[in-house]
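Next up: just one chain, as structure tokens, the form predicted alone.
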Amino acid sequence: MAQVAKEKIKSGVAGAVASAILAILIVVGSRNLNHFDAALVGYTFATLFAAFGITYRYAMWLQRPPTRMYWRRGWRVFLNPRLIGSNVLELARRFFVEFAANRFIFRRGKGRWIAHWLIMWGCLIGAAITFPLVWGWIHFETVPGNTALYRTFVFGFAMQDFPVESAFAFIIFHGLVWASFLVIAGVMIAFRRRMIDHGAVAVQQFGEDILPLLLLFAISVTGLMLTVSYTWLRGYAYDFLAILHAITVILTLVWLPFGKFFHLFQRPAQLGVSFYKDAGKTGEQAKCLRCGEPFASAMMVRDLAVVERQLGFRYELGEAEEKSSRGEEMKTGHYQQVCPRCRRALFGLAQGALWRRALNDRLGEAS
């Protein structure tokens, strides 16, 4: 219990620091709130809460023995001075192939890949536009003396002028519309799969599979309704739609650290795990204690034995068990040093030995 409390305190401090840093950046980026829209204060507090919750949960996740081991090993392998150059290039390649292109989803099916890709990029585009605007980091002003030009300000610094009636302005000012189209299309494809794929229907849960799609759909549709209201309906029901949209966005941000969307922040860590696995493939290989054949990375086997001891599982064999109990380093004699094929063989032999013992006991009783 004391260890759990300590982990919670560390995570709480990390979450508070993250929220404080974000709050400072909002004040500084908006030039002491001069470019901050007070009407968006609800969104701002929701993002501050989300920053706390995401950091808290991420810190708790990193303190788990398996995650902590992968995290440390991954960084150690990536920052290896001899491999740092090639690792950076490989990281860039994997970022675009695995993350940006979602190849890891493509392997599971084209339909899932299309839905995931549309939803991911719709959300990323929407977040890249919404958050800087809400926090006052980006704003637009008409150019003095020329009302046909708009000037972009980033963190209070003038960046670019562009005509109000240009195609560039149309694309930029409707960026959230394009993002909503992507999200809605992805959600529809995902819903279709969950309705006709019997395998998906059998294992899906409302909170993990349906609710995230409903929230994304609600945000996108209410956002599009705002655009329809001020573009074609002369602002009809705009106030109501603005409140409805704000409610959906704020609820999603508050729920973000606790629901399925948290995997968005866990997924990038998978890139580090891939370097750990690559280092294991090219490094020393562990040989089975029973058959002597190599079967896995020696580094992974050693790390797995350490993690198991940290979790309270002890699979040392013979002398190694005595050394481990005294706090000495385990060299040989651990169950993880037995290959899967020999584990199955040992399991069968153990069952056979028990069967023979039971049979001998019965024969002894009969005689």
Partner chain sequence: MKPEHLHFFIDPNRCIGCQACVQACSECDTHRGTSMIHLEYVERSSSVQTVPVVCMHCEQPTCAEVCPADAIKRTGDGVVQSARKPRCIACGNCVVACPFGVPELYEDKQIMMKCDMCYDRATAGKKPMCATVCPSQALFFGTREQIEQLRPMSMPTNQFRFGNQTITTRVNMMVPRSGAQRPLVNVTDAMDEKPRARTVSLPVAGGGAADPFAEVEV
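The term rigid core refers to the maximal set of C-alpha atoms that superpose within 1.5 Å between the two forms. Residue numbers count along the first chain shown, from 1. Model, not experiment: these values are computed from the prediction.
Omitted from view is the form predicted in complex with its partner chain, to which the following refers.
K.L.:
Counting any heavy atom within 4.5 Å as contact, can you tell me which stretch out of 156 to 164, 246 to 254, 202 to 210, 218 to 226 lines its partner chain in the predicted complex?
P.N.:
Stretch with heavy atoms near the partner: 202 to 210.
K.L.:
May I ask you to choose, among Asp197, Glu90, Glu293, Glu284, the residue with a heavy atom within 4.5 Å of its partner chain in the predicted complex?
P.N.:
So the residue touching its partner chain in the predicted complex, by this definition, is Asp197.
K.L.:
Of the options Thr152, Asn146, Gln266, Asn80, which one has a non-hydrogen atom that comes within 4.5 Å of its partner chain in the predicted complex?
P.N.:
Answer to the contact question: Gln266.
K.L.:
Are Phe104, Arg107 and Glu316 jointly within 4.5 Å of its partner chain in the predicted complex, each by at least one heavy atom?
P.N.:
Each of the three qualifies.
K.L.:
Any chance Phe49 has a heavy atom within 4.5 Å of its partner chain in the predicted complex?
P.N.:
Close contact is absent here: in the predicted complex, Phe49 is far from its partner chain, nothing within 4.5 Å, heavy atoms only.
K.L.:
Heavy atoms within 4.5 Å of its partner chain in the predicted complex: does Pro66 have any?
P.N.:
The answer is yes: Pro66 has a heavy atom within 4.5 Å of its partner chain.
K.L.:
Considering only heavy atoms, tell me if Arg362 and its partner chain come within 4.5 Å of each other in the predicted complex.
P.N.:
Answer yes; at least one heavy atom of Arg362 falls within 4.5 Å of its partner chain in the predicted complex.
K.L.:
Would Arg73 count as a contact of its partner chain in the predicted complex, using a 4.5 angstroms cut-off between non-hydrogen atoms?
P.N.:
No, Arg73 stays farther than 4.5 Å from its partner chain in the predicted complex.
K.L.:
Just to make sure I understand: among 341 to 356, which residues lie within 4.5 Å of its partner chain in the predicted complex, judging by heavy atoms?
P.N.:
Contacts from 341 to 356: Arg341, Arg343, Arg344, Ala345, Leu346, Phe347, Gly348, Leu349, Ala350, Gln351, Gly352, Ala353, Leu354, Trp355, Arg356.
K.L.:
Return yes or no for Arg341: a CA shift of at least 2 Å between this form and the one not shown, with the rigid core superposed?
P.N.:
Result for Arg341: yes, a 2 Å-plus shift.
K.L.:
Ala350: after superposing the rigid core, is there a C-alpha shift of 2 Å or more between this form and the one not shown?
P.N.:
Ala350: C-alpha displaced by 2 Å or more between this form and the one not shown.
K.L.:
Using the rigid core as the reference frame, would you say Leu359 shifts its C-alpha by 2 Å or more between this form and the one not shown?
P.N.:
It does shift by 2 Å or more.
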